[in-house]
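Shown next as C-alpha cells: one chain only, the form predicted on its own.
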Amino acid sequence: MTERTRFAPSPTGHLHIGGARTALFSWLFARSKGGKFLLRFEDTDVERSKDEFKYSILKSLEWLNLVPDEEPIYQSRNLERHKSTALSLFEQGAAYYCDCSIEELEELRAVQIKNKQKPMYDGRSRDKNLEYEGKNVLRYKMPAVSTSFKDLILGDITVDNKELDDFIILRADGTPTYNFCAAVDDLDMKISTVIRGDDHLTNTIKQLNIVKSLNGNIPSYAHLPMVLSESGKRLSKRDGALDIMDYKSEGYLSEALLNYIVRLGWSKDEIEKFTMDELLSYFDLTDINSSASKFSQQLLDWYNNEYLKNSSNKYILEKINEGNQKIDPATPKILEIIEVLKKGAKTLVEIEQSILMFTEKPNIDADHELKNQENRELLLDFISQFREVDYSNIEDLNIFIKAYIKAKEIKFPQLGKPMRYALTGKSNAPSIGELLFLIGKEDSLVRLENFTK
C-alpha cells in the first residue's frame, strides 16, 4: 500500500514552528517511503477560517519546499458527504439524537463540578431512541470498552472510553463537527499514517472509533510532543511562535530553518546538519524523542549562520534581492563584501544592513568618546602615510597596518577602534584592513579626513 500522510491545519491563523514541524515530519515520512504528502484545510469554522490564512499557509509550505503531492482538500466542500455519513451511523445504531437543552446541560455541568467530577455528557438520551425534530444534535455512541492503539512515537496507548463522552457529530442545524469530519476525510483521502501533535490524543481516540464504526482501514498514528519555549512554557510570539513567513522576511534561509526544525525532537547519531537527500535517507519516526522539545533562538541563529557561511556569495545576494531589488549587483566589490560579512552574520537582513557601511558615508557623532584630539592626530598621521600605499590587495594593506602599529609602538586597538568608527560609524565592524580594501582608497581617505576635522 502506498504511504499517504496529510497535514491538516485549521486556517484560523498563520503557520508557526510547531505546525511547520508537523508538516515536515509528515512530508519526510511519506517521501522516505515513496509515498505521498497531502494537505487538507480543516475550514469548517466559518467565522474564524480566512482565505488570507489559507494563502499564507500555502506560501509558507512553498517557501519550505514542502509542496503537497495533490491539490489541497478543503473540508468545508465535503459537508454533504459528512452529513450523509453521520446519518448512516444513526441508521445502524452507532449514533443517537439528543434533545437536551442548553440549560439542562449547563445544570449537569454545574453539578458535576460541585461534586468534583469530570464535566462531561452523561448519556441521558442514549437509549431514548429519539428521531430528529429540528433541534436535536446527533451524538456518537462511544463503545463501552477501552480503545487501544500503538503510537509510532509514544508506544502503546490505552484509554477507557468511559473517560470520553458521547460527542456530537452533527449540530442541531445539521452541520458536522471537527472530529467527525476529520475521521471521514482521512478515510476518503486514504490516509495511511496520521502525524500530529500530542495535544490531539483525545481526538485520535474519537476519530479512531468513528473509523471503526464506518468499517474503514484504521490509519497508523504518531503523536509529536509539543515544542515549548526555553522557559518550558507554551510557545508565544515572543518565544519564537512567529508566522513562518516572518522568518523569511527577517532573513532566515529556508534550508537553515528546516534543518533547525527537524532537530526539534529528532536526531541521527551526532549529525547536526543535513541535506534533504540525507534527511530522506535517515528519517525514521521511531527516532523522535517522546518528550517535549524546547525552542532556542540562539541555536536557530547558529544554524542560519552556518548555512550563510557555506552559501555562495552570489546565492546570498540573490536571496537578499529575492522579489525586491535591494542591493545593486553592480556595487563595487559586492561579492567580496558579502564574503566578509557572512562569517559573523545571523541573517540576510543583517548582511543587507551591514553592506551600507561600505556603500554609504557614516554618521559620525561629534561628541563620541572616540572622536578625541589624540585619535584625530593619530589618524591624521596614518592618512599622511596611507596616501602612498600600493593599494592593490588586502595582504599589502595588512602588512602596512602592522608595520605602522609597530613603528608607532602602539597596540592594535589604539588604531583599530577609532579607525573602525571613522570608516563606518560603528564600533562593531570587520577588520580595518578589510574595511579599507572594500570601501576603496578614495572613499576611505574621505571618511578618515572627515573624522579628523
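Since the model is a prediction, treat every value here as computed from it, not as a measurement. For every residue, the number given is its place in the sequence shown, counted from 1.
Quick note: we don't show the form predicted together with ligand GLU, though the next part is all about it.
Here the chain stands by itself, but in the model of the complex one stretch of 373-381, 157-165, 118-126, 193-201, 193-201, has heavy atoms within 4.5 Å of ligand GLU. Ligand GLU in the model of the complex comes within 4.5 Å of no heavy atom belonging to S431. Contact between Y74 and ligand GLU in the model of the complex is not found at the 4.5 Å heavy atom cutoff. By the criterion of a heavy atom within 4.5 Å, P9 is counted among the residues contacting ligand GLU in the model of the complex. Within 4.5 Å of some heavy atom of ligand GLU in the model of the complex lies at least one heavy atom of Y178.
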